[in-house]
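Only one chain is included here, represented as structure tokens and corresponding to the form predicted on its own.
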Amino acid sequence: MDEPTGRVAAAPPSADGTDRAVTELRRVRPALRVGPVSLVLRPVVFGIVVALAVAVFALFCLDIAVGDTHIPLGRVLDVLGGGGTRSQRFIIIESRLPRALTAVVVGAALGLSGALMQSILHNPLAGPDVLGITTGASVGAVAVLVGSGGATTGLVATVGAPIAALTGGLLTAVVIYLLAWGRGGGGERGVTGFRLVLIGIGVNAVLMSVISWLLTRASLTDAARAQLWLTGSLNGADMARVVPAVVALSVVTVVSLMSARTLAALRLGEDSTRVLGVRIQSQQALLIGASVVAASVATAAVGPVGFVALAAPQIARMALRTAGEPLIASALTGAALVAGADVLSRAFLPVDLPVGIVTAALGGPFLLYLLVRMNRKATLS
């Protein structure tokens, strides 16, 4: 009887092994290289993104068509293409287009903001509304609305409240970032995702109490106006608010796409990210700043629209089955959610509700689903 030697003899190469190796080589995804930029071609992912873009355009046209007087979709497309009578162009271009365009831009900004924040902090619950960014923007706007005393309503409603909201969101992000700055587990100073999320939740609670205090100190008229703004309504949307939001969203989108490699490296962990030559703290600060600007601009345009920044990246990630939150798909999903909520409110619900209330009603069950899903993963691990 032969004694075991403790070694395993190498198996000779077989035809099956050679076939598997050839199959693995064939599975390498095709890539497109243009100069220093290279892209991996994923036909399924590209097809889903195109389908999302088509859905957003369809909801955009449907948002224009619905209203007190229904307009056929064919006529909407005709007017958007430059046709139609003078009265039709007035109704569609001057009256309804700003509202539909605002819904798409605000939704895209919130979706992109949530994708950036969740990718950086490695937490699907790390949306700007959970961290207090949109609440900080709301504090700024409410402070202006209740402090105006109704004497400068038109000017405040047009310029003052949006600027105050943008300033409030940015200041809140700076405070949260400074409070989260400290020494990490590896002994290096910086901002860790878990600490930033906890501090953000605490700051959000404090800011909510500040809003309640401001409302109790205001007159009945000012409090009613501020409360209406806090519901996130698209009523009164105009091009004066859409244009700055489009410019800000364009800048944030360019910065985000140029940082796609950094986001992919951050998913590998801090040690691997440093090995790849990425400056973690400076890149985190840049991407968090881009996320905050997108969320603050969206809030400044229409008020807080809850759960879109939280849900859109996760819905896009589940649809595309990607390792991280996809940026473009998250923005398109956010635009579809806000435009779809506006269509649902005006065309199917008995009462024309603000879009922020509709998204909050739909986002609450989705938040519970995320919590249950995370709890199951933690239990299985």
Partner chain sequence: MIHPGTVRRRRLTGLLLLVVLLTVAVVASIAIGTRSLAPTTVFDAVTHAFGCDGGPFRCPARSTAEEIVRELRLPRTALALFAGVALGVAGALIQGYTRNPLADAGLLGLNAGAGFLAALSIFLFGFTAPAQYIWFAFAGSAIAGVIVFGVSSIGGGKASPLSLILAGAAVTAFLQAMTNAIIVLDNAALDTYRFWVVGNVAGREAEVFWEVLPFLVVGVGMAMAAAPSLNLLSLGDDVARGLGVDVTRARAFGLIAVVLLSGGATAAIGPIAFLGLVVPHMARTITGPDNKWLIPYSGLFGGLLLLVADVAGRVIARPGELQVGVMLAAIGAPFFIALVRRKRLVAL
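Everything numeric here is computed off the predicted structure, so don't read it as measured data. Numbering follows the first chain given and starts at 1.
Another form, the form predicted together with its partner chain, is not on view; read the next lines as being about it.
S.K.: Report the stretch among 110-118, 123-131, 78-86, 255-263 that approaches its partner chain in the predicted bound form to within 4.5 Å, counting heavy atoms only.
M.R.: Flagged stretch: 123-131.
S.K.: Looking in the predicted bound form, is its partner chain within 4.5 angstroms of a heavy atom from every one of A165, I280 and G289?
M.R.: Spot residues vs its partner chain: no contact at all.
S.K.: Should A143 be counted as a contact of its partner chain in the predicted bound form, where contact means heavy atoms within 4.5 Å?
M.R.: Outside the cut-off, so no.
S.K.: Using a 4.5 angstroms cut-off on non-hydrogen atoms, would F90 count as touching its partner chain in the predicted bound form?
M.R.: Flag for F90 set to no.
S.K.: Although the partner isn't part of this model, could you tell me whether G202 comes within 4.5 Å of its partner chain in the predicted bound form, counting any heavy atom of the residue?
M.R.: Judged by the heavy-atom cut-off of 4.5 Å, G202 is in contact with its partner chain in the predicted bound form.
S.K.: Can V243 be called a contact residue for its partner chain in the predicted bound form at 4.5 Å between heavy atoms?
M.R.: No, V243 sits far enough from its partner chain in the predicted bound form that none of its heavy atoms falls within 4.5 Å.
S.K.: Among L171, V251, L179, A285, which has at least one heavy atom within 4.5 Å of its partner chain in the predicted bound form?
M.R.: None of the others qualify; the residue that does is L179.
S.K.: Taking heavy atoms and a 4.5 Å limit, what residues of 215-233 are near its partner chain in the predicted bound form?
M.R.: The stretch 215-233, when checked against its partner chain in the predicted bound form, contributes L215, T216, A218, S219, L220, A223, A224, Q227, L228, L230, T231 at the 4.5 Å heavy-atom cut-off.
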